[in-house]
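Only one chain is shown below, in structure tokens, and it's the form predicted on its own.
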Amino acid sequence: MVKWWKGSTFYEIYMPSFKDSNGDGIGDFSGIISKLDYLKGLGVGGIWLTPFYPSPKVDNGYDISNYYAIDSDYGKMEDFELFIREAHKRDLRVIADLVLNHTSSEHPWFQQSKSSKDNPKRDWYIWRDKPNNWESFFGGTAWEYDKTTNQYYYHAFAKEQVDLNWANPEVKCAMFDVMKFWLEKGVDGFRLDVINFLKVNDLFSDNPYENGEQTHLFDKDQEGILSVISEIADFVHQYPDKFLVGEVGSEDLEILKQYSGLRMLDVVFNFNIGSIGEFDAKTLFQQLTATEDAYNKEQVPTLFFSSHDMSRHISRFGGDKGRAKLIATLMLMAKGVPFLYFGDEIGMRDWITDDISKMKDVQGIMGYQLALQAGKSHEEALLSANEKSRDKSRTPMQWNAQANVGFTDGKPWITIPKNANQVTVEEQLDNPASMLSFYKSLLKLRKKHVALQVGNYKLLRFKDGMIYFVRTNQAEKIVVALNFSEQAVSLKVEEGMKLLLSTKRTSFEGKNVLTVLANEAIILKGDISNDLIKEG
């Protein structure tokens, strides 16, 4: 029996920005409930929620101060429970973002830990008399001096995100209790944040430098981490039909592949594919091929090109709608579990600020401050801040023209100008030529054809700027060709193939030569008994 998640497409909801129900400008569970029919109609099968726990929101909820409650911005526990019931009624599974690596500095555990060296929770966090040279992944030192006990505590990210000491078995038990609580609330699994950071080198050796940049040799992917991951996977998979996706902070495929498979995480995010900074079809193809070659039969890749942590792919890859449709086709038709970021289905673009006071993301703000400290001008520092800031992809979902403004503490902080590149859901719903309609068509195809859910590659090739592949299962053969070039490219195919979808045509004559037009995505279905397509 095929596991449910292998045939699902997940939709990431960034909690503050998806749908506000009470007029405070902040998304909430009641708002999400009101849009569950939209998600069902879109064709996704799973929802990934970013953190919804109480938090000071120094890092937009990834600094948790209470693992057992709902942040009041998003509603009450009753709202969450209703959301789970309503999602399940629509056959929509829900995975919750969970941060096991660190807590907020306001969490009671840390408040106890910092109170004295003799406190029972002192060893729940990592304390040192003297810091080593480890740097935060947000910039600057990873150590913060605390005058209460004259020691330094470790934080891999912001100083308000304090790393837990997973070498302490009490910490592991406490975090397993957290997972148990939410599994029994009905979540269908977890997205585990920066999960390869749970262990650090207990000798605290200094990290080396290469070309002026610190190499994080001793503060992630450490010895013993895989056994911890295996324990987490065994624990969660005791509950039927649960799913685990890991954020492994690396683009190195040799590292990524260690974390998924038998008795490990179900999948990890393939940053080697999804985080490509500038579009290059050949590089994309090479990463797809490398992943296929590296993974064993128990491992499944993930496909994504946008998230709350990166620029939206339509902006990152040049802003062209045609290319955005090709990327969408690749994400939803290629082998792997797709993760769609909210708003990508309507072609939302990045937001760039000209006012640092409007920036909310700690990573962007720290980038601005560090640039000023390095002697950069305000303009140069602002440029650095915008490059590092994740606000760019966190603007409110554009349900209608009124949704173009976001609020924090009742005051507008983001305004998205209404223009041709920023159309709304309302405007796209009944437009068959819209980006939204295109995504619906792709998702409908994926749900209809098993080969597009769990089929293997019979062919994966690159030719003259075009990525093309064949996916098959026992009963189906699907051909997908994505021509990213400005020239038509021809392929030899079997006669009688049926056109399932194209961005450039409405029919296919079924001859044995397929001319894929410039910037065309085309999907065909063939006879499983016939030969595969051939280069020609």
Ligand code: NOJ
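What you see is a predicted model, and the numbers here were worked out from it, not measured in a lab. Residues carry their position along the shown sequence, with the first being 1.
Beyond what is shown, the protein has a form predicted together with this ligand; the following relates to that form.
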Per contact check vs this ligand in the predicted complex (non-hydrogen atom within 4.5 angstroms), the hit among 179-187, 303-311, 110-118, 260-268 is 303-311
With the partner left out here, if you bring back this ligand in the predicted complex, are 62, 161 and 191 all within 4.5 Å of it by some heavy atom?
yes
Residue among 438, 83, 157, 124 with a heavy atom within 4.5 Å of this ligand in the predicted complex
157
Of these, 219, 391, 247, 345, which has a heavy atom no more than 4.5 Å from this ligand in the predicted complex?
247
Are any of the heavy atoms in residue 138 no more than 4.5 Å from a heavy atom of this ligand in the predicted complex?
yes
Residue 93: heavy atom within 4.5 Å of this ligand in the predicted complex?
no
Residue 446 versus this ligand, in the predicted complex: is there a non-hydrogen atom within 4.5 Å?
no
